[in-house]
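Starting off, we have a lone chain in the form predicted on its own, written out as structure tokens.
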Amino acid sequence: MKLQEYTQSRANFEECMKCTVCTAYCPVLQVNPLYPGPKQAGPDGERLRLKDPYFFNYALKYCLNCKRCEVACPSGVHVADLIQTARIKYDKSNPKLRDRILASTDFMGKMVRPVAPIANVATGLGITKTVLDATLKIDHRRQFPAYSGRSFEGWLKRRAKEQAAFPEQVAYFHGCYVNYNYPQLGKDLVKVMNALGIGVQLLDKEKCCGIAMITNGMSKEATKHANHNVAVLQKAVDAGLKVVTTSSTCVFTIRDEYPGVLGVDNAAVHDAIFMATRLIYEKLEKGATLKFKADYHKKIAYHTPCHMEKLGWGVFSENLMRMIPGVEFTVLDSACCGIAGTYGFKKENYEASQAIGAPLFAQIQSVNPDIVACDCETCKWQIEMSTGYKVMNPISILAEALAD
């Protein structure tokens, strides 16, 4: 982390007025007594850590980094950033093999893709889950996301000329999930953008946004990814392109975590990267149109991911869903689903992860929607596993509702 950024972060904690509202909003503290809570782990702990690193508490690893404490804080204190930067600065332990595997999403995606059908079957077997639980402490109750045998990047490269013909262009930061797990979401984005007269380009060799590396003690690797991605994004910005993404966590990490936690300067590209839903909504507000099926009827419940709530951009997804004729729409109460990326895969966190998400799961069951809409892929995994309801990104819902 750059000295200037770290100094600013330290100065910010003095604005804490000890109201404890962050403690009341912390989902972890409600279910895990080992976690000291955001006020004590963040502003209070920072005062002690500055005097002596001895006061660093290894229980900070239980922080979800959901940012709900920062959303709630009336003084704008960067509570979660204080906790994450403290982990980077003071935690000298090496990441476990499990944590490296879970955080190395690009590497694992490339390794698994050629044998995706076999890997998907293997990771669903009880014996495999038992072995992973016993050896790596990946909880046996957790379901793994499926891998795709073909990448989204390969699919879009084959359509590069077709996309280049559109009068307006955007670049797409697709992220690991779209490229290795679910290319259909990327295809759905292309369909919606094309319907608006916009072509979609790949970025020049993007890497994982690095959020899993940040939360798994691999800050050096995350910083390398951040510097690489900022350079890649700069090329797109220099070419006059806006950059869109379909992942709330990716866009939040690039915009906020790069400078706030890793100390990577992204000022030149910060305002050029958007959630695709925001760009689409703004286009429609300025007069663009989308033609929807007359017979599309769905009951949709929208879950706002924690990082989307921190950005304040959930409103764009909500309004887009409301624009679709025939949709019965409900916004679910503000709540954390509990998975927090790789957090909920770990044996020591599984019970807390499910307990955190329980109120959300209960509300979804009471609403009984046809589809749960959500902009975060890991929220999708958690909700589908824990409730049995189908979860779709708002972009995929738009694509499904479009008239042919």
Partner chain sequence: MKFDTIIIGGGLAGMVAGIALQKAGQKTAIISTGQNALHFFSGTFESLQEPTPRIKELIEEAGIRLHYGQGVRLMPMGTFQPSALCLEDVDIFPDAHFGRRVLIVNFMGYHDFFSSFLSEGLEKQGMECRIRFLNLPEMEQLLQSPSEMRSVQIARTMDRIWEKVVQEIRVLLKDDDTVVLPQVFGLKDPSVPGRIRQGIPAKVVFAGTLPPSVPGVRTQMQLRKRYEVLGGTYLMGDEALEAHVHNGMVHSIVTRNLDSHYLEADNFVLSTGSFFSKGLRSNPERIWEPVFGLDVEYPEDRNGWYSPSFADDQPYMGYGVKTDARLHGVADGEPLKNLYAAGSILGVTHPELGSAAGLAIRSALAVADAILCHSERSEESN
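Residue numbers count along the first chain shown, from 1. Keep in mind the model is a prediction, meaning the values are calculated, not measured.
Not on display, but discussed next: the form predicted together with its partner chain.
> Though its partner chain is not shown, can you say which of Y302, F252, F316, Y177 has a heavy atom within 4.5 Å of it in the predicted complex?
Replying inline: Comparing distances to its partner chain in the predicted complex, the residue within 4.5 Å is F316.
> Of these, G197, G312, P325, P114, which has a heavy atom no more than 4.5 Å from its partner chain in the predicted complex?
Replying inline: None of the other options qualify; the answer is G312.
>> So, a 4.5 angstroms cut-off on heavy atom distances: do all three of I138, K191 and Y350 pass it with respect to its partner chain in the predicted complex?
In response: Not one of the three qualifies.
> Since the chain is shown here on its own, which stretch among 162 to 170, 128 to 136, 279 to 287, 100 to 108 would lie within 4.5 Å of its partner chain in the predicted complex, judged by heavy atoms?
Replying inline: So the stretch in question is 279 to 287.
> If you check in the predicted complex, is V21 within 4.5 Å of its partner chain, heavy atoms only?
Replying inline: Yes, contact at 4.5 Å.
> Hey, in the predicted complex, does G341 get a heavy atom within 4.5 angstroms of its partner chain?
Replying inline: G341 lies outside the contact set for its partner chain.
>> Considering non-hydrogen atoms and a 4.5 Å limit, does its partner chain approach P43 in the predicted complex?
In response: No, no contact at 4.5 Å.
>> Given that its partner chain is not shown alongside this chain, does V31 nevertheless sit within 4.5 Å of it in the predicted complex, heavy atom to heavy atom?
In response: So V31 counts as contacting its partner chain.
> Does anything in 63 to 85 come within 4.5 Å of its partner chain in the predicted complex by heavy atoms, and if so which residues, in order?
Replying inline: If the 4.5 Å heavy-atom criterion is applied to its partner chain in the predicted complex, 63 to 85 yields V71, A72, C73, P74, S75.
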